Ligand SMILES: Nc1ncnc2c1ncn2[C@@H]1O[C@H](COP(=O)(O)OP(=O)(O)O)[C@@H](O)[C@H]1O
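What follows is a single chain, given as structure tokens, in the form predicted on its own.
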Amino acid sequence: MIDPSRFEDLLIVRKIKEKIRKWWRIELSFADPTGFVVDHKKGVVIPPHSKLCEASLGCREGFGRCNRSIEKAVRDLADRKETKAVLVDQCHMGLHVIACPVVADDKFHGAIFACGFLGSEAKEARRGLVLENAASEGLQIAQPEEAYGGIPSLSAQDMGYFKDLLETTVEEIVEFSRTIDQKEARIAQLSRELGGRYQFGNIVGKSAAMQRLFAVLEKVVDSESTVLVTGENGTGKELIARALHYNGPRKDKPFVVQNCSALNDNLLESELFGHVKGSFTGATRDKQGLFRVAHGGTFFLDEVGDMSPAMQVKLLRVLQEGTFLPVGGTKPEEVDVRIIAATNRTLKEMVQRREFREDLYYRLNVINVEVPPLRARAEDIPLLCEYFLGHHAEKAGKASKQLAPEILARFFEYGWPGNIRELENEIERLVVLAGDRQLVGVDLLQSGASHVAQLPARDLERYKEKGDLSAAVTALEREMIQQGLVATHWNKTRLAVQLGVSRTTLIKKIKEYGIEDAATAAETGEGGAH
């Protein structure tokens, strides 16, 4: 849908208007499909360069007649399906009106028009009619003859040029609007795709730790409050921030990311707040800061704990007042941005050591979302492996590979200091090394610098069970629970915490694997050794 109020958004339209005014002293205007003049909706009246028209528009009755002339001229164009400028012989005063329909996809969106002029050949012939009409309207004109002489006039050749310009202007408007519609449609499509990609349901994890995280996210997602996402490196803090944005009220607005530890103070300040030309050596032009880019949307500040005290003060001002000052600027700029910050550092301890401003900490920590490390959600490892195997297979255009049970067992034993990011890198490395092999064998762990390969080898033959990954996971899970119960003296609450699952889930698994029954049988001497 073409909006007539946006006709002047295009630079070439404004330029053509200026040229027409300069060459012929004629004003080009716009009307919506009903013939209502767009400028009038804004409370603006721009009269033609004629004292007669100015006097007519200056009185109530004349203003109404002028508008009815335009409405009729525009409505007469509503059924036209081509971009052709049409000369309307007379308005209520006896002057010319020329209009060109704005048609796109066989739909009439309004018109551009000009009025208050005459063709050169009609200038003398219309004198009596025009002055008579002016007198009948009771217009107070000191020197009518002089006023009539000042009416702009166009030769036949100029009239042809004028029509061509109107038609060119409409073509530019239609093409401009189509481009905007395509871009907006693409933006909407990308927004839908990103929204789908960052749905909470697409974040891999079924462990109790992740379920608790999802419960918090569901409560936070519709809020405009500032969120502080905490967790170790590689746990997926940015993924959480994107999910909050693309599922929240600002999903159709920008999502901007800046790592606060990646730049020194001067560069970071310029990046966040922008700068004005000449504010420092090399500032050859004004630069828009990321806060301005993120206006209306969400700004994700990663590693916010690495900000210097000076930058903390400037960030605090944005959070408190919604304003910032570009580098070298003198006028504060207002901005509406939702802040989601992230850090792998313990800000509360930094506040106690006076390394982080207490007031900024409380501004950022309105809602805290803690992302668990991978070692606290070990039961998600098979799901994550399956996801990454499929992802990298899709990128390579090949069938998804499978991990040997021995590899998965090693994954369960490993502490994953790099968390999800390290696991994904390890999967990608194994997939590349596997080449055309469908089954990724444990031998590939030894190929290259894999920290997982440095774990002491265990007797993993009992997990193989004909290479069935699901059976191997089940066997390993049963053993981990059984050994954990022994180590904790059957303290299920303590073991649940160690395994990163709820106590209810642990009890369910114990019953499912018949571990308690086996222990009872061993204690009573039933079912002796075979």
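One-based numbering along the sequence shown. Being a predicted model, the structure only gives us computed values, none of them experimental.
Just so it is clear, the following notes concern the form predicted together with this ligand, a form of the same protein that is not shown.
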Answer yes or no: in the predicted complex, does this ligand come within 4.5 Å of a heavy atom in every one of Ser207, Phe412 and Glu477?
no
Consider the chain as shown here, without its partner, and state which of Tyr387, Tyr161, Tyr361, Phe176 has a heavy atom within 4.5 Å of this ligand in the predicted complex.
Tyr387
Residue (of Val221, Ala78, Ile203, Leu319) lying close to this ligand in the predicted complex, criterion heavy atoms within 4.5 Å
Ile203
265 to 273, 90 to 98, 421 to 429, 324 to 332: which one contacts this ligand in the predicted complex at 4.5 Å, heavy atom to heavy atom?
421 to 429
Does this ligand get within 4.5 angstroms of any non-hydrogen atom of Thr235 in the predicted complex?
yes
Within 4.5 Å, heavy atoms only: does Met350 come near this ligand in the predicted complex?
no
Is there a heavy atom of Ala122 lying 4.5 Å or less from a heavy atom of this ligand in the predicted complex?
no
Should Val313 be counted as a contact of this ligand in the predicted complex, where contact means heavy atoms within 4.5 Å?
no
